[in-house]
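Single chain ahead, written as structure tokens, the form predicted on its own.
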Amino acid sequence: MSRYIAKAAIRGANLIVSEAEKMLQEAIKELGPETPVVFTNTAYYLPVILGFTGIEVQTLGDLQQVIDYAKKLLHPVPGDTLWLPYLGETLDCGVATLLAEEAIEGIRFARGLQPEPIPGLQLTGTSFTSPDGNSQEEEGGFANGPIDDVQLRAWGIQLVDGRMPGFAAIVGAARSNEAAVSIVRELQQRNILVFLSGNVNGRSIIHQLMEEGVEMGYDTYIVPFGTDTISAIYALGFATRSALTFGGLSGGQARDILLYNKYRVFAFVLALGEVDDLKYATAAGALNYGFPVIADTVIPQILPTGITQYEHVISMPFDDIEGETDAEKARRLVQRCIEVRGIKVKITEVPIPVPYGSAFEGERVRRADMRIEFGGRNARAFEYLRMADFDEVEDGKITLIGPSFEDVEVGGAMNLGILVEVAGRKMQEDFEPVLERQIHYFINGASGVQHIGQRDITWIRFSKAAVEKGFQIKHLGEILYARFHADFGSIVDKVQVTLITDEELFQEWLQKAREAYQARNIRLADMTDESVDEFYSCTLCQSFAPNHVCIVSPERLGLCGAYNWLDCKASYQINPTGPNQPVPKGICLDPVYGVWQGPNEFVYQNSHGTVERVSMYSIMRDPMTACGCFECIAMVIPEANGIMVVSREDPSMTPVGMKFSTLAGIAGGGLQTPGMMGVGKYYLLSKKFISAEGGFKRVVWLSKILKETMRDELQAVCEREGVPDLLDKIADGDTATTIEELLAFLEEKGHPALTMDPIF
């Protein structure tokens, strides 16, 4: 262990803990010990503190025990003559630093000083509210602050299925704006999440990216936390919550949380510019998580000792990196970071003139930056994928029929049809809509290209910058050809793409596409659990919850909402040894509860013997397990003889006295909990939704956001169940947050659950 690093880190830890204690005393004196301390948009209290100590910080007064805990971890600064290993002391001080930093951010929230105001910063895809309740447009720009729970889940699924291989916590400022842009673009193209914080002499990489017009926010995988080093704590809070959410762990299980991150969350710290004592101390905290630190300046290196998987601290001085430009050096720096952390990156080579990767999927092309759009208010666009015979498809043929957009005014619109014809020995008609849905993700991967919608309501925009780099309509075909071969090569042998702007041909194929859409709707709607001989498994989340197994049927989609029966079937054809395996139903042991011999045997074997039996249609008897990716939680309320359904997007209190995050700790982690289960929100529409207990008529409380966003679909379910006004009889967060309020509401409305057979 480097004495230089140990000395700086321990010195920095002592200073920041002392500063946190001073700030806390001043805040308590001024605001009072009962002043609330809350990170916005998350219900995990202060997550790093919760993870390490189990302390659920809710007020300023609660922070005193955190400071006391941190002080016990501190060690004296090493002298100039005494030489010791120092590793243990340094890691202890790293933890103390993290606790102090999160305490400081909590105090700042109590004072209304977080998220940090950054003039001119605009974030994309972020549900943002400033400390005084205004939008960021009104306030002029704020850093992101803590990642909200909804986004945590969305990124968690991508971490599970491999689309997002890890995250980079960047602290400081790059050598130049060119280097800053190159670093984040290289990470984006590898689909690596980027967290930004810190500064060097008052200048942050956040400022550099703003000056270069780089979009930041959830949609682009670039999240600015703040311009001081302390704000880096939000990145480690994200890591801690990943372990709590998807690993089934609880607050206070510090060792398990750290090991979880070491082996399952592939992250690293990239320190840009001068490294001061606080940065050393914060880096020591990150090492506890198994996250290595790479610096672009000359600092002592720490070779492997078992804390991280490979090297601990790496020095890669920017001036010594090979390359004629800062951009080239930055690319090599990023590659070294990936090697040190051992991140496995899969890049699909797409021959187009703009950067390409999943990180660009959320990029927005604003009207002022737009060169051309297809669809939208002033035109129409459609996309249609169909299976064809081998002799009808010429592999690699990309054809534009009709004019391009050169003669269309800047900012104008035109019609566009995208016809993808595929042939394959294992291709089936049922796969057509599954593959067609991928067009949205494939096209959105191009920087400067925006894709919204599907089928005949597609809307595509090209930015001026993309067109200036040479992007044309034909490149849509290049993207689709490359990606369908790369991602669906097991079932697709030939791909042909026709891009149609000729008006007569456009109308002809639009009609053919609409006829196909309608035929698919009928075919999919007719599928039932009884009409198939096998279900499918999904074990994608076992990297996070080792004992969890999803069983997906035509009438019960995966609890994450991202995989239905057809998706799993296609996935199996693509990867026969992957996470989606066919599960023969076998003998039906109980048709009411939905129990089959085949799923029971599969679940028992693949849950490592922890789950012996699973009921597909019941919440009370042997319900399906959950990982942590579920869209909603269904839970029995005995007093009401019914169940409540809580959406992950709902931060409010429920009648059982717990919010979503607390309930998730009970429902997740691969546990089988009678009376509680995680579900996908569209499972609520299924005839098989807890049909053993009476189905949708058992729902007595429903998150308001589900009522609002799914009202038409839910109303159809109510009519199917023979209670057309049922939706108005179901309480929500506006009408009941306690059992007493709920029962009074149900009595007043005459909810049918009150007269149904006892649910127990």
Partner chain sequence: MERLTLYVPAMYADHHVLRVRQILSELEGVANIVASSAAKRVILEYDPTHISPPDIERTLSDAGYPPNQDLPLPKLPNHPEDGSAWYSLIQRVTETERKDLEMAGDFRRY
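Residue numbers count along the first chain shown, from 1. Only a predicted model underlies this, so the values are computations on that prediction, with no experimental measurement involved.
The form predicted in complex with its partner chain exists for this protein as well; it is not shown, and the discussion that follows is about that form.
- Looking at L278, you'd find a heavy atom of it within 4.5 angstroms of its partner chain in the predicted complex.
- In the predicted complex, no heavy atom of K569 sits within 4.5 Å of its partner chain.
- Shown alone here, L259 lies within 4.5 Å of its partner chain in the predicted complex, counting heavy atoms only.
- T229 belongs to the set of residues with a heavy atom inside 4.5 Å of its partner chain in the predicted complex.
- Candidate site formed by A327, G411 and E468: none of these residues places a non-hydrogen atom within 4.5 angstroms of its partner chain in the predicted complex.
- Checked against its partner chain in the predicted complex, the candidates N378, Q605, N201, Q518 yield a single residue with a heavy atom inside 4.5 Å, and that residue is N201.
- Of the residues given (I338, L159, V583, M676), L159 alone sits with a heavy atom within 4.5 Å of its partner chain in the predicted complex.
- Contact with its partner chain in the predicted complex, defined as any heavy atom within 4.5 Å, is confined among 605 to 613, 401 to 409, 631 to 639, 270 to 278 to 270 to 278.
- Residues R11, G12, N14, L15, I16, S18, E19 of 6 to 29 are found to place at least one heavy atom within 4.5 Å of its partner chain in the predicted complex.
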